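Just the one chain here, the form predicted alone, laid out as structure tokens.
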Amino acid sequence: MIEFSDVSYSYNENENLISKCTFTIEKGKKTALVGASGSGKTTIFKLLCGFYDTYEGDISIGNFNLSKWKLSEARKYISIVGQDIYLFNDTIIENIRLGNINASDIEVKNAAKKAYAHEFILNTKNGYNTIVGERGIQLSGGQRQRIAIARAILKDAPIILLDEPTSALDTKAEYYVQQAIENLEKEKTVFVIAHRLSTIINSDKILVLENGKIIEKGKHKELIKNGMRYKELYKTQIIEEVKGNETIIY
């Protein structure tokens, strides 16, 4: 379980990016965080990852206060898949093995299969020994995402953070990445920043963030029925879907 208790954070004294945020992410459940651009979603993720340490309030993972942990220890419990994936100028197999440097080749390939990456890897020039180039330039965006998911599957951390992992992908790539994410999420505690409706509609809980504050909590249908800010975001998504044939929540 992850808990934020009256958490506030600011770059300066005059403006809080996050203000008195209180919420719980239950163990083994999927919780989504939505809100307009600039509402503070990424700041919350960075706080949870320990990138900022000057916040007010308490952040805990399990029964441990994050401020009292060594970050290297805390991060063992977390796998992150974001929209900007960093791959090293090395082979595919070694890029995946970063999730667990002691993993065997068979374990790496099993993770790739669960991430729907095995087939496209075999079709590259040298298979698992293909050099991906700096930042994975030899691979498409969807392929890089699946490599990152394979890496996270191999790490097998109990907490998964997903930072808009399908927001920049086309429909075909999104399908495969979404299938891979479902394998990654099994029996994990999942916290996701979401743009696309397909990423959040079946979440156990959705948190709506606005101006650095949690203003709504609930399941998709409950929040739509309440007719408040989440419903407005949902209507915006529908309009964008009609215009661009995409499902994006802004």
Ligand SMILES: Nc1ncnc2c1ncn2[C@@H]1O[C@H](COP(=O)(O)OP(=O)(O)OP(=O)(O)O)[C@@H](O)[C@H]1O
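All of these numbers come straight from a predicted model, not from anything done at the bench. Just count from 1 along the sequence shown to find any residue number.
What follows is about the form predicted together with the named molecule, which we do not show.
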Closest heavy atom of T42 to the named molecule in the model of the complex, within 4.5 Å or not?
yes
Using heavy atoms and a 4.5 Å limit, would one call C21 a contact residue for the named molecule in the model of the complex?
no
Since only the chain is shown here, I'm wondering whether N65 would be in contact with the named molecule in the model of the complex (any heavy atom pair within 4.5 Å).
no
At 4.5 Å between heavy atoms, is G38 in contact with the named molecule in the model of the complex?
yes
Of Q138, Q83, N100, Q179, which one comes within 4.5 Å of the named molecule in the model of the complex, counting heavy atoms only?
Q83
Within 4.5 Å of the named molecule in the model of the complex - does that hold for a heavy atom of every one of I201, Y230 and Y234?
no
Per contact check vs the named molecule in the model of the complex (non-hydrogen atom within 4.5 angstroms), the hit among 42-50, 213-221, 56-64, 180-188 is 42-50
Go through 1-34 residue by residue and record those having a heavy atom within 4.5 Å of the named molecule in the model of the complex; state none if no residue qualifies.
Y11, L17
